[in-house]
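Just one chain is shown here, as C-alpha coordinates, and it is the form predicted alone.
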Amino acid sequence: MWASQNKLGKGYVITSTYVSIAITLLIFSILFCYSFQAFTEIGWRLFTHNWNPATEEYGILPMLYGTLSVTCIALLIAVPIGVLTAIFTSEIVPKQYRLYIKSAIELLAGIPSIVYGLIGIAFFSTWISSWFDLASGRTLLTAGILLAIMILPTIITLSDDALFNIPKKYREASKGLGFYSYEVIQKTIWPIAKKNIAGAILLALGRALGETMAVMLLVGSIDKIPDPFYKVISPGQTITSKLGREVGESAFGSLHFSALNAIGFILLLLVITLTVFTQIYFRKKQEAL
(Lines give C-alpha, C1' and ligand atoms only; values in the text may rest on other atoms or scores of the structure.)
Protein backbone atom coordinates (compact mmCIF):
# COMPACT_ATOMS: atom_id res chain seq x y z
CA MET A 1 0.00 0.00 0.00
CA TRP A 2 2.75 2.42 1.02
CA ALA A 3 4.72 1.53 -2.09
CA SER A 4 1.76 2.33 -4.36
CA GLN A 5 1.17 5.62 -2.54
CA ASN A 6 4.84 6.54 -2.92
CA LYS A 7 4.72 5.75 -6.64
CA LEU A 8 1.54 7.80 -7.01
CA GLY A 9 3.08 10.77 -5.19
CA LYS A 10 6.29 10.53 -7.19
CA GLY A 11 4.35 10.33 -10.44
CA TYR A 12 2.27 13.37 -9.47
CA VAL A 13 5.39 15.41 -8.68
CA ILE A 14 7.13 14.40 -11.92
CA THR A 15 4.00 15.09 -13.99
CA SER A 16 3.56 18.51 -12.37
CA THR A 17 7.18 19.36 -13.11
CA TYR A 18 6.92 18.45 -16.79
CA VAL A 19 3.58 20.27 -17.12
CA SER A 20 5.12 23.43 -15.62
CA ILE A 21 8.08 23.21 -18.01
CA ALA A 22 5.74 22.63 -20.95
CA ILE A 23 3.59 25.65 -20.06
CA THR A 24 6.69 27.86 -19.79
CA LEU A 25 7.98 26.68 -23.16
CA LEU A 26 4.52 27.16 -24.69
CA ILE A 27 4.33 30.77 -23.49
CA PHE A 28 7.85 31.41 -24.72
CA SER A 29 7.10 29.87 -28.14
CA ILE A 30 3.80 31.74 -28.64
CA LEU A 31 5.33 35.11 -27.78
CA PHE A 32 8.30 34.44 -30.05
CA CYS A 33 6.10 33.41 -32.98
CA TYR A 34 3.86 36.47 -32.75
CA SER A 35 6.84 38.81 -32.30
CA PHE A 36 8.90 37.27 -35.12
CA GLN A 37 7.49 39.72 -37.68
CA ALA A 38 8.65 42.68 -35.59
CA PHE A 39 12.12 41.23 -35.13
CA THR A 40 12.55 40.59 -38.85
CA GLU A 41 10.93 43.75 -40.28
CA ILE A 42 11.93 46.26 -37.61
CA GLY A 43 15.11 44.64 -36.34
CA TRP A 44 17.43 46.81 -34.27
CA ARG A 45 15.15 49.81 -34.82
CA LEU A 46 13.12 48.34 -31.95
CA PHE A 47 15.79 49.73 -29.64
CA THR A 48 15.17 53.38 -30.47
CA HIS A 49 13.28 56.21 -28.74
CA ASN A 50 10.31 56.83 -31.04
CA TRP A 51 7.01 54.95 -30.91
CA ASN A 52 4.48 55.97 -33.55
CA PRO A 53 2.39 53.20 -35.17
CA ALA A 54 1.12 55.67 -37.82
CA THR A 55 4.66 55.98 -39.25
CA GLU A 56 5.61 52.39 -38.32
CA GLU A 57 8.11 53.53 -35.70
CA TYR A 58 8.30 51.10 -32.81
CA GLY A 59 11.09 52.15 -30.47
CA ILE A 60 10.82 50.40 -27.11
CA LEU A 61 13.61 52.13 -25.15
CA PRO A 62 11.21 54.48 -23.28
CA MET A 63 9.21 51.46 -22.10
CA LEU A 64 12.32 49.56 -21.04
CA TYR A 65 13.57 52.61 -19.16
CA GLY A 66 10.20 53.10 -17.46
CA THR A 67 9.97 49.46 -16.42
CA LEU A 68 13.48 49.38 -14.94
CA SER A 69 13.17 52.75 -13.19
CA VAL A 70 9.78 52.02 -11.61
CA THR A 71 10.96 48.58 -10.51
CA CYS A 72 14.20 49.95 -9.03
CA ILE A 73 12.29 52.64 -7.11
CA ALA A 74 9.90 50.01 -5.76
CA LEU A 75 12.71 47.67 -4.68
CA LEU A 76 14.76 50.45 -3.09
CA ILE A 77 11.78 51.32 -0.92
CA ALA A 78 10.27 47.88 -0.29
CA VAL A 79 13.34 45.69 0.31
CA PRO A 80 14.78 47.43 3.42
CA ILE A 81 11.32 48.06 4.89
CA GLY A 82 10.17 44.52 4.12
CA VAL A 83 13.25 42.74 5.47
CA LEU A 84 13.38 44.84 8.64
CA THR A 85 9.67 44.25 9.23
CA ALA A 86 10.20 40.51 8.77
CA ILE A 87 13.02 40.57 11.33
CA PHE A 88 10.73 42.45 13.70
CA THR A 89 7.81 40.04 13.33
CA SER A 90 9.90 36.87 13.53
CA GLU A 91 12.50 37.77 16.15
CA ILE A 92 11.15 40.61 18.30
CA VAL A 93 7.34 40.51 18.41
CA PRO A 94 5.95 38.09 21.06
CA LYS A 95 4.70 34.89 19.46
CA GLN A 96 1.10 35.41 20.56
CA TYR A 97 0.95 38.63 18.51
CA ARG A 98 3.03 37.51 15.52
CA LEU A 99 0.20 35.65 13.78
CA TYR A 100 -2.18 38.61 14.00
CA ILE A 101 0.39 41.05 12.63
CA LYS A 102 1.37 38.68 9.84
CA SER A 103 -2.27 38.01 8.91
CA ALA A 104 -2.94 41.74 8.70
CA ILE A 105 0.07 42.20 6.41
CA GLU A 106 -0.99 39.28 4.21
CA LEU A 107 -4.41 40.89 3.72
CA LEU A 108 -2.65 43.61 1.72
CA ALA A 109 -1.70 41.01 -0.90
CA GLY A 110 -5.37 40.26 -1.54
CA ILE A 111 -6.35 43.81 -2.46
CA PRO A 112 -6.94 44.06 -6.25
CA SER A 113 -4.37 46.10 -8.13
CA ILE A 114 -7.05 48.38 -9.57
CA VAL A 115 -7.95 49.41 -6.00
CA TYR A 116 -4.31 50.22 -5.34
CA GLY A 117 -4.35 52.30 -8.51
CA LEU A 118 -7.40 54.26 -7.41
CA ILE A 119 -5.82 54.89 -4.00
CA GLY A 120 -2.68 56.04 -5.77
CA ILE A 121 -4.63 58.51 -7.90
CA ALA A 122 -6.54 59.84 -4.90
CA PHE A 123 -3.58 60.24 -2.53
CA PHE A 124 -0.06 59.63 -3.88
CA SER A 125 -0.60 61.47 -7.14
CA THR A 126 -1.92 64.50 -5.27
CA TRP A 127 0.93 64.43 -2.75
CA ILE A 128 3.64 64.14 -5.40
CA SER A 129 2.21 66.99 -7.46
CA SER A 130 2.01 69.14 -4.31
CA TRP A 131 5.49 68.31 -2.99
CA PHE A 132 7.28 68.87 -6.30
CA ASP A 133 4.95 71.57 -7.65
CA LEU A 134 3.95 69.53 -10.72
CA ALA A 135 0.99 69.91 -13.03
CA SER A 136 0.29 66.20 -12.64
CA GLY A 137 1.42 63.73 -10.01
CA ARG A 138 1.29 60.78 -12.41
CA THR A 139 5.01 60.12 -12.63
CA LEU A 140 7.52 57.30 -12.55
CA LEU A 141 8.18 58.07 -8.88
CA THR A 142 4.48 57.84 -7.98
CA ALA A 143 4.17 54.49 -9.74
CA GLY A 144 7.33 53.24 -7.99
CA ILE A 145 6.07 54.23 -4.54
CA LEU A 146 2.73 52.52 -5.05
CA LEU A 147 4.42 49.43 -6.49
CA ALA A 148 6.64 49.26 -3.39
CA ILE A 149 3.52 49.06 -1.22
CA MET A 150 2.10 46.33 -3.43
CA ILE A 151 5.17 44.07 -3.21
CA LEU A 152 5.74 44.62 0.52
CA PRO A 153 3.44 41.75 1.63
CA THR A 154 5.37 39.28 -0.56
CA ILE A 155 8.74 40.32 0.86
CA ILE A 156 7.54 40.50 4.47
CA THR A 157 5.64 37.20 4.49
CA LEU A 158 8.27 35.06 2.78
CA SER A 159 11.18 36.68 4.63
CA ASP A 160 9.37 36.18 7.93
CA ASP A 161 8.88 32.49 7.12
CA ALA A 162 12.55 32.14 6.17
CA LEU A 163 13.65 33.63 9.49
CA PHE A 164 11.04 32.04 11.76
CA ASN A 165 11.58 28.50 10.41
CA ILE A 166 15.25 28.43 11.42
CA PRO A 167 15.57 25.89 14.27
CA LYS A 168 15.67 27.31 17.79
CA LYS A 169 18.90 25.48 18.56
CA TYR A 170 20.86 28.01 16.50
CA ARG A 171 19.47 30.89 18.54
CA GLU A 172 20.07 29.07 21.83
CA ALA A 173 23.64 28.17 20.86
CA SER A 174 24.38 31.78 19.91
CA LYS A 175 22.96 33.09 23.17
CA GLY A 176 24.98 30.47 25.02
CA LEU A 177 28.12 31.96 23.47
CA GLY A 178 27.18 35.34 24.91
CA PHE A 179 25.75 37.02 21.79
CA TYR A 180 23.34 39.88 22.24
CA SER A 181 19.98 39.66 20.49
CA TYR A 182 21.08 41.82 17.56
CA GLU A 183 24.25 39.72 17.21
CA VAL A 184 22.17 36.54 17.07
CA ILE A 185 20.22 38.04 14.17
CA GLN A 186 23.27 39.49 12.43
CA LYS A 187 25.75 36.63 12.82
CA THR A 188 23.58 33.53 13.05
CA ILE A 189 20.05 34.00 11.73
CA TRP A 190 20.78 36.27 8.76
CA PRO A 191 23.51 34.13 7.09
CA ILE A 192 21.20 31.09 7.19
CA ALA A 193 18.09 32.85 5.95
CA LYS A 194 19.56 35.25 3.38
CA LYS A 195 19.22 32.83 0.45
CA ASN A 196 15.50 32.36 1.09
CA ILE A 197 15.09 36.10 1.64
CA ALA A 198 16.75 36.70 -1.72
CA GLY A 199 14.19 34.31 -3.21
CA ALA A 200 11.40 36.37 -1.65
CA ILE A 201 12.87 39.52 -3.18
CA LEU A 202 13.10 37.77 -6.54
CA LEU A 203 9.41 36.85 -6.39
CA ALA A 204 8.59 40.44 -5.49
CA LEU A 205 10.71 41.58 -8.43
CA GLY A 206 8.68 39.33 -10.72
CA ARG A 207 5.46 40.92 -9.53
CA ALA A 208 6.94 44.40 -9.85
CA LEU A 209 7.96 43.75 -13.45
CA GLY A 210 4.56 42.31 -14.34
CA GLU A 211 2.20 44.70 -12.55
CA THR A 212 -0.12 46.44 -15.02
CA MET A 213 -3.28 48.17 -13.81
CA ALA A 214 -1.99 50.20 -10.87
CA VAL A 215 1.13 51.26 -12.75
CA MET A 216 -0.88 52.13 -15.87
CA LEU A 217 -3.07 54.50 -13.86
CA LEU A 218 -0.14 56.33 -12.25
CA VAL A 219 2.86 56.26 -14.57
CA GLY A 220 1.66 59.01 -16.92
CA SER A 221 1.83 56.96 -20.13
CA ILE A 222 4.26 59.19 -22.03
CA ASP A 223 6.57 57.34 -24.46
CA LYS A 224 9.62 59.39 -23.58
CA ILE A 225 12.80 59.03 -21.53
CA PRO A 226 13.09 62.01 -19.14
CA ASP A 227 15.80 64.61 -19.69
CA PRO A 228 17.92 64.19 -17.62
CA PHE A 229 17.31 60.46 -17.42
CA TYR A 230 17.29 60.38 -13.60
CA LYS A 231 14.36 62.81 -13.36
CA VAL A 232 11.86 60.28 -12.08
CA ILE A 233 9.28 62.95 -11.23
CA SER A 234 8.48 62.97 -14.95
CA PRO A 235 5.70 60.90 -16.59
CA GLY A 236 6.80 57.78 -18.41
CA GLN A 237 5.71 54.40 -19.69
CA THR A 238 6.38 50.81 -18.71
CA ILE A 239 6.17 47.67 -20.80
CA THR A 240 3.06 46.44 -19.01
CA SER A 241 1.26 49.80 -19.15
CA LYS A 242 2.03 50.02 -22.86
CA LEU A 243 0.63 46.55 -23.47
CA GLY A 244 -2.42 47.28 -21.34
CA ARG A 245 -3.24 50.44 -23.32
CA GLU A 246 -2.52 49.37 -26.89
CA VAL A 247 -3.03 45.62 -27.30
CA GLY A 248 -6.79 46.08 -27.61
CA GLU A 249 -6.31 48.82 -30.22
CA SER A 250 -3.92 46.88 -32.49
CA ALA A 251 -5.12 44.72 -35.36
CA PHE A 252 -4.33 41.04 -34.99
CA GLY A 253 -1.49 40.05 -37.31
CA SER A 254 -0.35 43.63 -37.93
CA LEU A 255 3.16 44.94 -37.41
CA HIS A 256 1.84 46.97 -34.48
CA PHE A 257 0.50 43.81 -32.83
CA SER A 258 3.80 42.02 -33.47
CA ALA A 259 5.78 44.91 -31.94
CA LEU A 260 3.66 44.73 -28.80
CA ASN A 261 4.29 41.00 -28.59
CA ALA A 262 8.00 41.71 -29.02
CA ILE A 263 7.87 43.96 -25.95
CA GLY A 264 6.22 41.17 -23.98
CA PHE A 265 8.80 38.69 -25.23
CA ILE A 266 11.65 40.98 -24.13
CA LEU A 267 10.03 41.34 -20.69
CA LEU A 268 9.82 37.54 -20.42
CA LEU A 269 13.50 37.25 -21.38
CA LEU A 270 14.37 39.85 -18.76
CA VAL A 271 12.57 37.93 -16.01
CA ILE A 272 14.08 34.59 -17.08
CA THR A 273 17.59 36.09 -17.22
CA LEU A 274 17.30 37.61 -13.76
CA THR A 275 16.00 34.32 -12.35
CA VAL A 276 18.76 32.22 -13.93
CA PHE A 277 21.58 34.52 -12.86
CA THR A 278 20.21 34.69 -9.32
CA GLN A 279 19.99 30.90 -9.09
CA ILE A 280 23.54 30.49 -10.44
CA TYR A 281 24.88 33.09 -7.99
CA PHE A 282 23.36 31.46 -4.91
CA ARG A 283 24.32 27.98 -6.08
CA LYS A 284 27.94 29.09 -6.29
CA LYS A 285 27.68 30.74 -2.87
CA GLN A 286 26.26 27.54 -1.40
CA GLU A 287 29.01 25.42 -2.98
CA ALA A 288 31.64 27.77 -1.59
CA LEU A 289 30.40 27.28 1.99
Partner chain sequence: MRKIIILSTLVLTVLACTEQKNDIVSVSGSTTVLPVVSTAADMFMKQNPGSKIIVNAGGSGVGVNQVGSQRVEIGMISRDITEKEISQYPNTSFKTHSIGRDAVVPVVSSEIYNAGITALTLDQLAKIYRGEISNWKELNGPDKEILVIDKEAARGTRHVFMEIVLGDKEAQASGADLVLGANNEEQTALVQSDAALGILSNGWLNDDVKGLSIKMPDGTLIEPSLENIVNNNFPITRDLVLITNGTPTGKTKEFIDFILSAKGQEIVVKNGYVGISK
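Residue numbers count along the first chain shown, from 1. What you are looking at is a predicted structure, and each value in this text was computed from that prediction instead of being measured.
Just so you know, the form predicted together with the partner chain exists too; it's not on screen, but the next bit is about it.
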Region of this chain that lies against the partner chain in the predicted bound form, out of 67-75, 192-200, 121-129, 162-170 [heavy atom, 4.5 Å]: 121-129
Report yes if any heavy atom of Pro226 sits within 4.5 Å of a heavy atom of the partner chain in the predicted bound form; otherwise report no. no
Within a 4.5 Å heavy atom cut-off, is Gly59 in contact with the partner chain in the predicted bound form? no
Given that the partner is absent here, does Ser136 sit within 4.5 Å of the partner chain in the predicted bound form, heavy atoms only? yes
Any chance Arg45 has a heavy atom within 4.5 Å of the partner chain in the predicted bound form? no
Members of 19-55 lying within 4.5 angstroms of the partner chain, judged by heavy atom, in the predicted bound form: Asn50, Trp51, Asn52, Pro53, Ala54
